[in-house]
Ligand code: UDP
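First, one chain by itself: the form predicted on its own, in structure tokens.
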């Protein structure tokens, strides 16, 4: 199946980010030619060390190109599409991080310009397929225990990130219906793994690991009973590539998750256990508007992709912890 990518040219927007950089590396390993396009607002060139020498600003792999530019700027994006014979597009560029979004909510709406640029140019250049990375945030505060793609959506009107993702979903599916541009929307649930940001603007698994490595108690907001669905990054990547290569996913929205809720307190305790340190979680006041429960129904994912995540939470956290331990200065 993956052999179809041999010598194909694939554009990954947001390719220097956490998930994007893992995707670029995997695509190269499958024999594809990869164009990584990123404005480096949250992505990092150091994430591309598998194929790019940041000190000399040069690729170390002939099948890899890094271009610094902004997908929300029409001229930047047009130049990429006109300069390379692109076959496929993964559109992963986005403003990310709860703290970052809450501090500058209007910045998120700029991503809508990127949707327009990617879609119009993909139609113009005859792109074989585009994959859009949406988010579990599209569900808002869940009404159902296991969120279904065709189920109830309840995004808060104050959540600019969720609203923007829903706009993107509708645009990508609309272009599939109107222009026959093959497109798939993937709703990512909590992805974690090596290279994820662990600063105050980062994500919970990385934040907890960083705190524990510093000998500090992981800080849990509220009672820690709020749940999330954690997916190791390698599993996320494999599922996303399967979605790209299957015609059955055209015009579809698909949850990408494990379907197994984990309480935030349990996550903190597992990380402490892996570290071997004598620590206990520290409880802080609950954050306003924090989603209490989140877990996907993955029936559609398993049916269309014929695959589900392979890494257990324990194994994924152990791999992630070991990476942070060896690369502490790179994790902030």
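Residue numbers count along the first chain shown, from 1. Since the structure is predicted, the reported quantities are computational estimates derived from the model, not experimental observations.
The same protein has a further form, the form predicted in complex with the ligand, not shown here; the description that follows concerns it.
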Region of this chain that lies against the ligand in the predicted bound form, out of 221-229, 167-175, 74-82, 122-130 [heavy atom, 4.5 Å]:
221-229
Residue 202, heavy atom within 4.5 angstroms of the ligand in the predicted bound form:
yes
Would residue 237 show up as a contact with the ligand in the predicted bound form if we use heavy atoms at 4.5 Å?
no
Examine residue 250 and determine whether its closest non-hydrogen atom to the ligand in the predicted bound form is within 4.5 angstroms.
no
Using heavy atoms and a 4.5 Å limit, would one call residue 137 a contact residue for the ligand in the predicted bound form?
yes
Using a 4.5 Å heavy atom cut-off, which residue among 273, 303, 287, 280 comes into contact with the ligand in the predicted bound form?
287
Given that the ligand is left out here, which of 298, 35, 48, 264 has a heavy atom within 4.5 Å of it in the predicted bound form?
264
